[in-house]
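Consider the single chain below, provided in structure tokens and representing the form predicted alone.
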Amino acid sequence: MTAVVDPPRPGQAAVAAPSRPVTRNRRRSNRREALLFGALILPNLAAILVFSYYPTIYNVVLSFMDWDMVAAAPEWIGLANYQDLFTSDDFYTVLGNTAIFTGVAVVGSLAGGLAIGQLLSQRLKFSGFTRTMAFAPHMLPGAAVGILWLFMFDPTYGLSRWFFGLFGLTSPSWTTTSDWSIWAITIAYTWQRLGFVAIIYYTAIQDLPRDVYEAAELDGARGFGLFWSITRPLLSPVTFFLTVTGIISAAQAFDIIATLTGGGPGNSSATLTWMVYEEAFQRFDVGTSAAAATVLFLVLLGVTIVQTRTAGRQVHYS
């Protein structure tokens, strides 16, 4: 027998209809959707656990071991690897190199990329070709970029010799002297990332709200003042994204260092990433390599947490 609910009379509050019981078909549909969700998410979850979290955890375990990849099994030595690391002057030299390389590369690519992105957003001839050429270095492998800059930095017949010759100066030996090697890898890496940052800024500038600019222009804002007061704050979410990804990417750079300087002369251009490789595959000290990798992981984790906590200060707009 079907219950009939009378419509509410004028002045009478509407009575809520009784909720429909969940039918068997509905329960089957929910079960199928749950199984489908599990089937889709499980391979990705398994891949993340196996290829990301497990190597990270195993690396931390190895940092407390002594192993040369020849012995049958690693030997537990506690904090000895960290003690050797933090009492070594070479480690602090590597930390300083990493800070210089990462800081200059991120700031340089942000400043240069914003300037190029702003220029590309203007209506100029051959703008499509220019955008392609600006993005092209980012498509090159790091090893190819290193070889390219190896020729450009050559003090005998490279582009560096011609440039310094314009001012009557002699080109420095970029890749073979400890005073210039860190700047050689920094310049090459910044050049490679510049196109990517410029394209991201260019795309973001195209999507900025035009009504804000029209209101600012009515108030008399022009030129650099318009850029500094309107464009720069509106681009802060993009700048935040590029800063986080830039720091992580620069701290993990390897191929440009390998092809340009090999971390030398000495350890003048060695970063933490290069130290991880050198300790493991040249000195066969897996424990020290794992300890350096753990320090790099903790530094990047700390930087990311600080940046995420300050993300609320960015400008948000729809």
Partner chain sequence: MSLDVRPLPTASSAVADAALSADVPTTAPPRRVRRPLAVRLALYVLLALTLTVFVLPLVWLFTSAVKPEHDIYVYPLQWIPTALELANFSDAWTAAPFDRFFLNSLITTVSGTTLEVGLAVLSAYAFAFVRFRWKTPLFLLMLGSMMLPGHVTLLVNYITVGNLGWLNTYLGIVLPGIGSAFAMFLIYQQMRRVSDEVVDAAKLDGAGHLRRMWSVVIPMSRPMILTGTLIVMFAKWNDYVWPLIVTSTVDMRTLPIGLMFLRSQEGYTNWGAIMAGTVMVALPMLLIFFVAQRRIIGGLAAGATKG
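Given the structure is predicted, the values throughout are model-derived calculations rather than measurements. Think of the rigid core as the biggest set of C-alphas that the two forms share within 1.5 Å after superposition. Positions refer to the first chain, counted from 1.
If you look for the form predicted together with the partner chain, you will not find it shown, but the lines that follow are about it.
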query: Quick one: in the predicted complex, does every one of Met65, Trp183 and Val306 get a heavy atom within 4.5 Å of the partner chain?
result: no
Residue contact check: Asp179 to the partner chain in the predicted complex, 4.5 Å heavy atom: no
- prompt: Hey, in the predicted complex, does Ala144 get a heavy atom within 4.5 angstroms of the partner chain?
  reply: yes
- prompt: Are any of the heavy atoms in Ala73 no more than 4.5 Å from a heavy atom of the partner chain in the predicted complex?
  reply: no
message: Under a 4.5 Å heavy atom criterion, is Glu214 part of the interface with the partner chain in the predicted complex?
response: yes
- prompt: From the list Ser236, Ser229, Thr132, Thr93, which entry has a heavy atom within 4.5 Å of the partner chain in the predicted complex?
  reply: Thr132
statement: Contact check, 53 to 85 vs the partner chain in the predicted complex, heavy atom within 4.5 Å, ordered by sequence, gives Tyr53, Tyr54, Pro55, Thr56, Tyr58, Asn59, Leu62, Trp67, Met69
- request: Examine Thr56 after superposing the rigid core and state whether its CA is displaced by 2 Å or more between the shown form and the other one.
  value: no
- prompt: Once the two forms are fit on the core, has Phe37 moved its CA by at least 2 Å between the shown form and the other one?
  reply: yes
message: When the rigid core is used for the superposition, does Leu298 move between the shown form and the other one (threshold: C-alpha shift of 2 Å or more)?
response: no
